[in-house]
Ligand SMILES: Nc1ncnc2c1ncn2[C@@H]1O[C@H](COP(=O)(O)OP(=O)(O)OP(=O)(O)O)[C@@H](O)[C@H]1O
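To begin, one chain is listed below as structure tokens, in the form predicted alone.
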């Protein structure tokens, strides 16, 4: 597959974003010689698990990203640190938290634009949060309209709306609520100008090869039937479908998903 610069793995809570994002990092590592990093956006990654999987992490804390941004504008990181301690800025970020998220996203984009050999996979926040983050450049553009910040916003928007640079994975699980929310998120992302989106069904028990020819207990057979009915009733055609894997080890689970990703993307 031809790798993008930025991958965003999102969806409602509990759909398997973390294991899928880690598996995507591993799949990309096997397909390219570039540096592939795992990022949790505004939370701390499981560094012990990443170390065991031989995955490099990269972090962009809001405070550091903002200091870096202001430092570039003022031409001095030391002055930026002093400015960041001012009560006004502390109050501003409390009142408008999406401003910090936008600056963090901008810092990430700067890094990718300055490093040709870097790829970042974001284990993104759940649907509502990531939508706020991705819509923040558009919203702040409407607020400020002119000035240096607006130029930066336009650069960020151009990057995020480039199908050659960014790919977003919206994860669902085979329940009516999850699939419906996934559809709504895809629609809203589209309205924000993000079009390179993969609609991914995750944890599908009916796709598990181990149970395909087995006589299942009644409760499992019922679950398989319900999953199929949900997919049929919502007329859902997914770009990628990952089975439900029963693995106690997260490392083995990531390896299974990685293998499936590579198989699916070769089709």
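Residue numbers count along the first chain shown, from 1. Quick caveat: nothing in here was measured; it's all calculated off a predicted structure.
From this point on, the text means the form predicted together with this ligand, which you will not see here.
For the candidate spot formed by 244, 253 and 257, every residue has a non-hydrogen atom within 4.5 angstroms of this ligand in the predicted complex. For this ligand in the predicted complex, the listed stretch (64 to 72, 231 to 239, 28 to 36, 201 to 209) containing residues with heavy atoms inside 4.5 Å is 201 to 209. Contact check for residue 180: no non-hydrogen atom falls within 4.5 Å of this ligand in the predicted complex. The closest non-hydrogen atom of residue 24 lies beyond 4.5 Å of this ligand in the predicted complex. In the predicted complex, residue 195 stays away from this ligand, with no heavy atom inside 4.5 Å. Using a 4.5 angstroms threshold between heavy atoms, residue 175 counts as touching this ligand in the predicted complex. Contact annotation for 21 to 37: no residue has a non-hydrogen atom within 4.5 angstroms of this ligand in the predicted complex.
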